[in-house]
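Only one chain is included here, represented as structure tokens and corresponding to the form predicted on its own.
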Amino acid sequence: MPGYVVQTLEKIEQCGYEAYIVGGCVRDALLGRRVHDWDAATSAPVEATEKMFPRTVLTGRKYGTVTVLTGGRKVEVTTYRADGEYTDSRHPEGVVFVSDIRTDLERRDFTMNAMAMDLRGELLDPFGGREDIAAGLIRCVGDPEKRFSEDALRMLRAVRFSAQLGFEIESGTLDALRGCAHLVSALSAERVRDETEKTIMSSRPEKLYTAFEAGLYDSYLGPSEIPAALGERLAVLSDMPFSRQVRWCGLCAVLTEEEVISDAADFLHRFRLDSRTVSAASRGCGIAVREMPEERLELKRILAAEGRDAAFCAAAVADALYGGSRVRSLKEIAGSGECVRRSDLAVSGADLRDELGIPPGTRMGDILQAIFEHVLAHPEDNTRKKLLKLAASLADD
């Protein structure tokens, strides 16, 4: 544990209470992974925890959580608790504060997240989390159907952990996941989006197949058959750049090719993704599945017509799916300083009006577009003198 975490637990113990690090930080420490967030559980009531430390933020009195601030870093400290009744397949109606750590661990989702460790390194593992980690298994604490019925997000978390850690979902847990899949429809699109994104951004995005096959995305896909080859096809996402837009584009491209979805933009909108990602990923998908060209001039035309985001999404996805070096070519084009937008032309509509007397309107637009097409193929001609001469000849035609 970092020193600031040790000091936090020591202070709580000095005040006569129990304190442990719990959950994901224990799991990641056992796995040798970097720990991003340190969470602690304590027998101390919220009010007592607040008084122990000079700087705290009451993160959630209802749930017994206080954030302890030490030198710009933080430890979330939560009083031992048991969850109340779940009525919306997501949140408990309330919590009941309890006096022992085992009861607190019992409410957690998976055995690997239901461990605690004290200052002296003693591990509390009442549900076999360490054994499941060693075996590479994701297993619910207690009855998996009950766990998923309480909080449907746990099903997507199981798939996400499987992708991030390379673990398999234990058979009984997987059976319950399939049986409770319909409960995902009660979750907010934002929650589903966030878990999905973490999965496709992992090194094993093919694990998402489990979620599709189990029916977790039925309300996002509409009527569709999930082909057995989808898992293998999804694996190609890990060959794509570590970019949100590219990975969403890649997911859409694979689902489109496998005839699981027919409209990438509609599919992405259902996750309430931001408009820029929807535009880049859906347009990039459309270009990529039409066999995006590799020729330099054609890539410039795509960059000009679709914009940087969509063009790079399409190039990255096409390279991963079909091979090639389109991304490298696009980067070279982007760094060359060549004209790839009409605004990069050495002349403007005002120049055509003032120098050649061409009035604004459709004819001027056609001439500017023709000039632009010429410059895409002949970037060395993008000078004011040459383009005014070209515009004059076009105007005379």
Ligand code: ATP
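The first residue of the sequence shown is number 1, and the count goes up from there. Keep in mind the model is a prediction, meaning the values are calculated, not measured.
The same protein has a further form, the form predicted together with adenosine-5'-triphosphate, not shown here; the description that follows concerns it.
Using a 4.5 Å cut-off to adenosine-5'-triphosphate in the predicted bound form, each of Asp28, Arg107 and Asn113 places a heavy atom inside that distance.
Of the candidate stretches 160-168, 254-262, 286-294, 308-316, only 160-168 has residues with heavy atoms within 4.5 Å of adenosine-5'-triphosphate in the predicted bound form. At the 4.5 Å threshold, heavy atoms of Gly24 reach adenosine-5'-triphosphate in the predicted bound form.
With a 4.5 Å cutoff on heavy atoms, Glu50 does not count as touching adenosine-5'-triphosphate in the predicted bound form; it lies far away.
Contact between Glu338 and adenosine-5'-triphosphate in the predicted bound form is not found at the 4.5 Å heavy atom cutoff. Looking at Asp351, you'd find every heavy atom of it more than 4.5 angstroms from adenosine-5'-triphosphate in the predicted bound form. Though adenosine-5'-triphosphate is absent from this view, in the predicted bound form it lies within 4.5 Å of a heavy atom of just one residue from Arg233, Lys198, Arg270, Arg244, which is Lys198. Comment: adenosine-5'-triphosphate is not present in this chain, but in the predicted bound form one of Arg326, Arg154, Arg139, Lys207 has a heavy atom within 4.5 Å of it, namely Arg154.
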